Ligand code: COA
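In the block that follows, a single chain appears as structure tokens, in the form predicted on its own.
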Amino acid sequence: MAERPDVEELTIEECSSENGVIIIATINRPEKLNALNIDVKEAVKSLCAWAQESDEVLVVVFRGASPLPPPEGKRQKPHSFVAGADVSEFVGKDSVAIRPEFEDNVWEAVWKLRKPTIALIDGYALGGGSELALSCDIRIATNRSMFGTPEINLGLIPGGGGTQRLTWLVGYGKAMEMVMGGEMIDGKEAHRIGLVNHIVEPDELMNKGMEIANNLSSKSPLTIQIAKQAIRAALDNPITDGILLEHNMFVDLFDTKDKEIGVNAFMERGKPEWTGE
């Protein structure tokens, strides 16, 4: 069984919910604006493998560490979810060296996690950080957040799924503008175009995230995973094929214990006690 990662760059908190555990994973490199280096990416991949195998883990929440108090006479660093990949690790690398990192990458590990994921964004979400947020199912941002895909300024394009997931979320035209222009947008604009689900004040971010996480954790974990799979099918299939997949998933759920539990609880006006089966 995969092990829970134990590294300084990724702190993991387990919060008890009614039916299991909500994981809060904090990217912990505030001195580097929580940029994704190799160690962080490997730790997040390990976290996803462990969370998927754990029957206790119901929801995974990602956030960035808050800035540290500045040295005397120095300005405090800005708030950041993840300010991108650690560009220093790109220096001198060619396609042969970089390809393995992107064939087995952190963004796909988060995207493929069958359990619900939430990104809590406070401050910069740029490049690989924006892509980490895009890999999550639900995004909540503060009104001081900034989003962008500035890879074009390095002579690159987004490489962690950004061109694809951004286009699905905000549309062809806006994705073209953001990727080719490399400019940032603020949280208000991100909310307007559908890049984030909610925009809140900074001191409301965790409460809003946990409100949604607790709601998701109260549902049947089996049905939640099937629902996520069905919604994802809309990205990969024409609508006719997607609807057929949905029909089949719906029908198959009639053979589960949780369907019977949920229906009986509704009829009896009680609270379902899910088994995940």
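All residue numbers are counted from 1 along the displayed sequence. None of the values given here were measured: they were computed from a predicted structure.
The next section is about a form of this same protein that is not shown, the form predicted together with the ligand.
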> Quick one: is A133 in contact with the ligand in the predicted complex, heavy atoms, 4.5 Å cut-off?
Replying inline: no
> Taking 4.5 angstroms as the cut-off for heavy atoms, does Y124 touch the ligand in the predicted complex?
Replying inline: yes
>> Is it the case that K219, even though its partner is missing from this view, gets within 4.5 Å of the ligand in the predicted complex, heavy atoms only?
In response: no
> How about D241: is it within 4.5 Å of the ligand in the predicted complex, going by heavy atoms?
Replying inline: no
> Of the residues A109, M184, V179, I138, which one places a heavy atom within 4.5 Å of the ligand in the predicted complex?
Replying inline: M184
> Since exactly one of D252, E31, E53, E211 fits, which has a heavy atom within 4.5 Å of the ligand in the predicted complex?
Replying inline: E31
>> Checking a candidate spot here: are P116, K188 and L205 all in contact with the ligand in the predicted complex (at least one heavy atom each within 4.5 Å)?
In response: no
>> Taking 4.5 angstroms as the heavy atom distance cut-off, pick the stretch from 91 to 99, 161 to 169, 189 to 197, 146 to 154 that is near the ligand in the predicted complex.
In response: 146 to 154
>> Within 4.5 Å of the ligand in the predicted complex, counting any non-hydrogen atom, which residues from 48 to 82 show up?
In response: R75, K77, P78
